[in-house]
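Given as structure tokens, the chain that follows is alone and in the form predicted on its own.
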Amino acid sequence: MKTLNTLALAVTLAFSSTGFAADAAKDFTQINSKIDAMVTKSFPAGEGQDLSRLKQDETQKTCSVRANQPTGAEASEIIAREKQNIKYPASGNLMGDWKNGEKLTSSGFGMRIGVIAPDPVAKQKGGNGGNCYACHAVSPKEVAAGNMGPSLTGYGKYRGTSAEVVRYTYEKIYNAQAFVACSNMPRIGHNGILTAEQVADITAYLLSPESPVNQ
């Protein structure tokens, strides 16, 4: 969790300035309880607040402690664990409805949380879209796009729609850490931001020859 990594660094610097031992200040594991308390206090309970997201699992803990630079052994452990967490649509079809995928990709909610105006429950847990344009250019028609992630314009045109490409694309969207340990890309399916069926729809949007992405 990039936000927690930044917070951890801030807390570390704060403790260093108050005489905390230098070696202890560098060790995230010794101040995790203080960080957890600070984060929890920052997100009061209320409608639209999914506080369960503030509890780190083993992968997030490792990535936080290592500042997203896990050891080789830790990276292998993360990838193996996250591959086991990937789930698939009940239909077994990894390419769904690209038109619905277009809507999900364009939705800017992405399960945001906040104190001032948290998303209503209806927009959470599969009802809020992927917020994909925050990090990726996708359709050439949309000029407002982030560049933290690679451009996906022409994704299917250049890769084709083989079974291997379809499966890789679906799994990467569902859980990026099954491929890159401590990836900045959210585990959008694993964390329930999108359902398996919705991930299949976005997969279709990226790969279908009819999709604006590949025109």
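Counting begins at 1, following the sequence as shown. Here the structure is a predicted model, which means the values were calculated and not measured.
As for the form predicted in complex with a small molecule, it is not shown, yet the points below apply to it.
Per the 4.5 Å heavy atom criterion, the small molecule in the predicted complex is contacted by stretch 154 to 162, the sole one of 66 to 74, 154 to 162, 36 to 44, 51 to 59. Site residues N128, A196 and A200 are none of them in contact with the small molecule in the predicted complex, judged by any heavy atom within 4.5 Å. The small molecule in the predicted complex is approached by C135, whose closest heavy atom lies within 4.5 angstroms of it. Interface residue remark: K172 is counted as part of the site for the small molecule in the predicted complex, having a heavy atom within 4.5 Å. None of the heavy atoms of A204 is located within 4.5 Å of the small molecule in the predicted complex.
Interface membership of N32, defined by any non-hydrogen atom within 4.5 Å of the small molecule in the predicted complex, is ruled out.
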